[in-house]
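Read the single chain below, which is given as structure tokens and is the form predicted on its own.
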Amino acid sequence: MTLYQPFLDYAIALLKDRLQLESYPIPEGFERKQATVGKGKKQEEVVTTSYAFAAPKIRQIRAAHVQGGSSLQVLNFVIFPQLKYDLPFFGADLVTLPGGHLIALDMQPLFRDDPAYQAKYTEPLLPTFKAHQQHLPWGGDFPEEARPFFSPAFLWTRPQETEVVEDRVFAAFCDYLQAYLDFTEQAQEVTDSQYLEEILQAQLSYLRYRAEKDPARGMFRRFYGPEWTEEYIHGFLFDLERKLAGVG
């Protein structure tokens, strides 16, 4: 059992329980990818497994799970709502590298500077955030340019002990995902054409930023080469522009 497998198992079971889950197409060559890295006794197999679903109010739920031995474990789990809802994104980046654990968990807002939007989606989450932040202290600097894409309930932490990930981070992940699904249940379809356009532009802005700055790009290029990596990022992980253009 790898470190983040319980997170993935919990998420999929919960989604199946609470949503009318459907499969979402994963382009050929992306469901599973394997590479051998290192030399001699340091040689490791790195396996990247992809999962994808959709639901009535959700355009894409997708996960990338990277397993490369005890010093490389990654789960990137993101939920993208349908364009006719103003739901935030659910984002979990759970990363274990030789230097330790990097944990980022948030409901990333479409409109961070809109007080009404924050009252609707961030304020209800703040008690949960504060409860977990006691045990998961702030992880330090992150890029200034990234700040508009995160909410005041952004849980960013760098725990030293694996037990903290297995216990405290797992509890936070479960609570955030449950809260997100509560928002999804309550979400009402947007009919105002101007607001729909704003939602589209906000989603595209987020996806373009994430695709351009994807922190996993260097890792994937090293393991699987640049061609596979760019196609994986643009054709699967952040595929909205391709879908809107009728490609893929």
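This one's a predicted model, so the numbers in the text were calculated from it and none came from an experiment. One-based numbering along the sequence shown.
Keep in mind the form predicted together with 15,16-dihydrobiliverdin is missing from the figure; the text below concerns it.
Remark: D214 counts among the residues lining 15,16-dihydrobiliverdin in the predicted bound form, judged by a heavy atom distance of 4.5 Å or less. With a 4.5 Å cutoff on heavy atoms, F142 counts as touching 15,16-dihydrobiliverdin in the predicted bound form. Among heavy atoms of Y206, some come within 4.5 Å of 15,16-dihydrobiliverdin in the predicted bound form.
15,16-dihydrobiliverdin is not drawn, but in the predicted bound form it has a heavy atom within 4.5 Å of Q108. Contact with 15,16-dihydrobiliverdin in the predicted bound form, judged as any non-hydrogen atom within 4.5 angstroms, is confined among 70 to 78, 116 to 124, 163 to 171, 129 to 137 to 70 to 78. Not one of A52, I58 and L244 comes within 4.5 Å of 15,16-dihydrobiliverdin in the predicted bound form, counting any heavy atom. Counting a residue when any of its non-hydrogen atoms is within 4.5 Å of 15,16-dihydrobiliverdin in the predicted bound form, the hits in 92 to 122 run D93, V95, L97, L102, A104, Q108.
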